[in-house]
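First comes one chain, alone, set out as C-alpha cells in the form predicted alone.
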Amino acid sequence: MHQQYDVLIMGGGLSGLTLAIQLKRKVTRLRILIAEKAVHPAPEAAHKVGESSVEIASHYFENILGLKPQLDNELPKLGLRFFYTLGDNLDISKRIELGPNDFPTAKSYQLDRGRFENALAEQCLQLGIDFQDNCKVKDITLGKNKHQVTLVHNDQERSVQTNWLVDATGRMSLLKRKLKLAKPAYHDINASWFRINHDINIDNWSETPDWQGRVKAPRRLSTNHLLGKGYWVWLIPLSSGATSIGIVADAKIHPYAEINTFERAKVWLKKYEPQCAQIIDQHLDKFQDFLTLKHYSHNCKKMYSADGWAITGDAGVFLDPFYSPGSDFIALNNGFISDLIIKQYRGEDIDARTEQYEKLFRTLFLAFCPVYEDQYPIMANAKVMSIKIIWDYTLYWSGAALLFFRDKFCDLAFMDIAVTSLQ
C-alpha cells in the first residue's frame, strides 16, 4: 500500500471491482487502491443478492471489461421466466407460464457472486491494481481532488491520499452517510433470501409431457419467478451447484414479520408456494445462509462531484430486483464515473459534464421507478401482468439497452438531443 493514489475505491464487491477494472483497462497508468473490509477470498455462499444479470450488465462484463473467461465459469441464463398463481400452487404445469423457449440472442448469466467476485479480485491484481482485503475505512477528510483516508489494514493504521474517492461500500454507504445524501425511495418492499447447496431443478417439478415439451432449453437456467398477489419468489441456479431462493413481498399484503427469519420464511412458503416449499424441505440439510432486508429501496441526493468523489452500486441507489436491474445500474454508473475520472486525469474540465451525468442518472432512476411502484398487487393477474412485462421489455430494449449497446450514454451531445425529443 502506497501513500498516494489517483483513485481509492472503498469496497471490493461487484461495483468496486468492476469500476477498477474499467479504469485500469482504459488508462494503465492510473494508481488504483481498492480497500475491502472483508477477508478474501470471499466464501462462495456469500451473503449477497444479485446473482441474476440481464443484458446491459452482461454486455458490460463481457465486452467492455473483457471478462469472458470469468463468465465462461458461470451459468448461461435462459432469460426471465414467470409462473402465475393458480389455485393451491401445488402443480407448476397448470400455472400460466411466460418465458423464452430458447436462449435469446443477447447473452445473460447467473452469477455465483462469491466465485465471480473472487475471480474479479484476481483480475484486479493481474492488472496491477492494489487490492487490499481486511482493510477498513476509519476516517475520511474530503478536499478538492485531494482527499485523505485513514485505513486500518490488518490492525495497522495507515493514512493515504487520493485524487478521487469512490464509495462502493454497498449499504454501508460511507460517503452518503458522511455527506448526508440519503434520500427516500417511495417503493416500500421487503425481501428475504437463502441458499440451498443443491440443484433445485424446476424442470423436475412436473412429468406432464405437454409441459416438459413446451420449452426446448432447461427452465432451471432461467431466473424463475413464482408470482402471487403482492409477492414473487425467485429460483436461481448457481455454478457451484447451489440454488438461490428469495421472497420479495409488499408489506401491505405480506407483513415483513412473516418472512424475516428462515423458519418464518419456510412457513410462508408452505402457505403461498407449497410445491416450492416441499422441494426445499427435502434438502434442508444443505442450507447455506439466510439474509433479509426491510425497505430495501433507497435513493441518493448526489452521485458525482467534480471535486473528485463519486458513489456507485448499492451505496447510492437501488430500486427492485424483479427484472434483475442491479448490475445494469452498476454498468451505467461506472461508465459515468470512469469517464469523469479519465477526462479529469487527462486535464479536461469536468464541471459541466459532472452536472449532466448527475441529471442523466437521476432521469434514468426516476424513469424506472413507475415500473415497480404500486405494481405488486397485480402480480397474480396473469393477463395484466403479462402485458406489463412485455411492455417493460419493449421499453428496456428501445431505450436503455439500445443506448448502452451503442455506447451513447457518455455522448452528451447525442443524449441531449435524445432527452429533449422525449420531453
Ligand SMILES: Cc1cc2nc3c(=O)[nH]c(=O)nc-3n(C[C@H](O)[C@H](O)[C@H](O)COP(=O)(O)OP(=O)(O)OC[C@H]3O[C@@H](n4cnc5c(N)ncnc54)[C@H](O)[C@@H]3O)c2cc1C
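If you're wondering where the values come from, they're calculated on a predicted model, not measured in any experiment. In this text, residue numbers run from 1 along the sequence as written.
What comes next is about the form predicted in complex with the named molecule, which does not appear here.
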ask   = Where, among 307 to 315, 264 to 272, 198 to 206, 121 to 129, do residues come within 4.5 Å of the named molecule in the model of the complex by heavy atom distance?
value = 307 to 315
ask   = Might residue 37 be said to contact the named molecule in the model of the complex, defining contact as any heavy atom within 4.5 Å?
value = yes
key: residue 293: touches the named molecule in the model of the complex, heavy atom cutoff 4.5 angstroms   = yes
query = Contact between residue 117 and the named molecule in the model of the complex at 4.5 Å, heavy atoms?
reply = yes
query = Given that the partner is absent here, does residue 326 sit within 4.5 Å of the named molecule in the model of the complex, heavy atoms only?
reply = yes
Partner-contacting position among 171, 180, 346, 252 - heavy atom within 4.5 Å of the named molecule in the model of the complex = 171
inquiry  = Can you pick out, from 113, 187, 219, 147, the residue that has a heavy atom within 4.5 Å of the named molecule in the model of the complex?
reply    = 113
ask   = For the stretch 127 to 160, which residues lie within 4.5 Å of the named molecule in the model of the complex by non-hydrogen atom distance?
value = 135, 136, 137
